[in-house]
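The data below hold one chain only, encoded as structure tokens and taken in the form predicted on its own.
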Amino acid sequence: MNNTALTDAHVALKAKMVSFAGFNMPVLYEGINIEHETVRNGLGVFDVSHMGEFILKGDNVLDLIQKVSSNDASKLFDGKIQYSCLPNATGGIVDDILVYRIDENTYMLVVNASNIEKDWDWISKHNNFGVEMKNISDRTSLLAVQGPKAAMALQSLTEIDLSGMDYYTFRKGVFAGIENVLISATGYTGAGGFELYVENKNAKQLWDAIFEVGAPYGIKPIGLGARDTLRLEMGYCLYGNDIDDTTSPLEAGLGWITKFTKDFVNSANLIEQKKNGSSRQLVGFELLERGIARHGYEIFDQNGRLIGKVTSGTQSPTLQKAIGLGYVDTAYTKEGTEIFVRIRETNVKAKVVKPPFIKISTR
């Protein structure tokens, strides 16, 4: 198992550690519900240094990114970030990614930990453009400081105006006395905040500084368990659960990051799918009876016919009700449609709802 630069800090805080994507990661400290509420209403810090980062450089770097990604990276400008995905050749998704434009000839791609090697090989396979590629994952740490109090708490650590940063933009500068920190107004919680990229050697200094200035705001360390409940309340897809090599971006509700104004891997087939429709669609749902839907549980209609499968499910700490995502036959995607989730041999009534499950501002 790989450790992050902060593993010792998590162990010292008595975090429950688990193996995740080959890394020794904290899943919880005090408890998922407490940590979830801390981020929704205050300030929490995640160590997400297991994520991967690639630097792509060259005169034709945009051509490569346009070829392998579904979104239109030509719309980016220096300091702007874009959510996108890497379509595969068979209609599925290699990974969902973030694309950072550093300058005209330099981009950073942020990829999921479990897909670092797969993504690297996939992009390399399509690199007929002479683009220089560098995998900096092993030397990069990433802290996600999330919650509505993030900008106030962190401002004293930098001269960059954090509250003035637009959503999905980034700046580079001095932060907590550390030079060349990449400060990104992003996160996968829906609670607002920032993600901070730093070299491993500076990770502990950054961690300690954040907790020092965050103390008056009730800052707490947060594990991957709460990260999952937070992202699910927002209806955000998790690779390996809601999207994978067999799910198309259109089925997954990611048509908004699938731009047919350019040619990209498998775009012709996805255009046909958009024209003709697909047999299934990812939907949100909430249970109307007692129970929790889990990944892999089957979904039925009122006549007992199998119509789909749950991809993610939890008890929402904010709503105090069970929610989930799953693929169902397209005839059952209308909001309010009654469906049934098979839980321990019992069909539990649910209804289709449109994510996000909670309505809040991301900034």
Partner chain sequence: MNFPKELKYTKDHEWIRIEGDRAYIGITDFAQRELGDIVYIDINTLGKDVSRDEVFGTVEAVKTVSDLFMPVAGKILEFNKKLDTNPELVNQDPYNDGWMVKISLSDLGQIDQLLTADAYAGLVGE
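This one's a predicted model, so the numbers in the text were calculated from it and none came from an experiment. Numbering follows the first chain given and starts at 1.
One more form of this protein exists, namely the form predicted in complex with the partner chain; it is left out here, but the text below deals with it.
Student: E195: heavy atom within 4.5 Å of the partner chain in the predicted complex?
Tutor: Taking the distances in the predicted complex, the answer for E195 is no, it never comes within 4.5 Å of the partner chain.
Student: Is Q66 near the partner chain? Define near as a heavy atom within 4.5 Å, in the predicted complex.
Tutor: Q66 lies outside the contact set for the partner chain.
Student: With a cut-off of 4.5 Å between heavy atoms, is K201 one of the residues that contacts the partner chain in the predicted complex?
Tutor: K201 lies outside the contact set for the partner chain.
Student: Even though the partner isn't displayed, in the predicted complex is K275 close enough to the partner chain, meaning a heavy atom within 4.5 Å?
Tutor: Judged by the heavy-atom cut-off of 4.5 Å, K275 is well away from the partner chain in the predicted complex.
Student: Counting only heavy atoms and a 4.5 Å cut-off, does the partner chain in the predicted complex sit next to every one of N33, G291 and Q315?
Tutor: Every listed residue reaches the partner chain in the predicted complex, so yes.
Student: Report the residue, out of G225, P221, G235, G92, that has at least one non-hydrogen atom within 4.5 angstroms of the partner chain in the predicted complex.
Tutor: Only one listed residue qualifies here, and that residue is G225.
Student: If you check Y327, Y332, Y297, F54 against the partner chain in the predicted complex, which one has a heavy atom within 4.5 Å?
Tutor: Spelling it out, the residue with a heavy atom inside the cut-off is Y297.
Student: Mind telling me which stretch in 40 to 48, 24 to 32, 301 to 309, 58 to 66 gets its heavy atoms within 4.5 Å of the partner chain in the predicted complex?
Tutor: Careful reading of the contacts points to 24 to 32.
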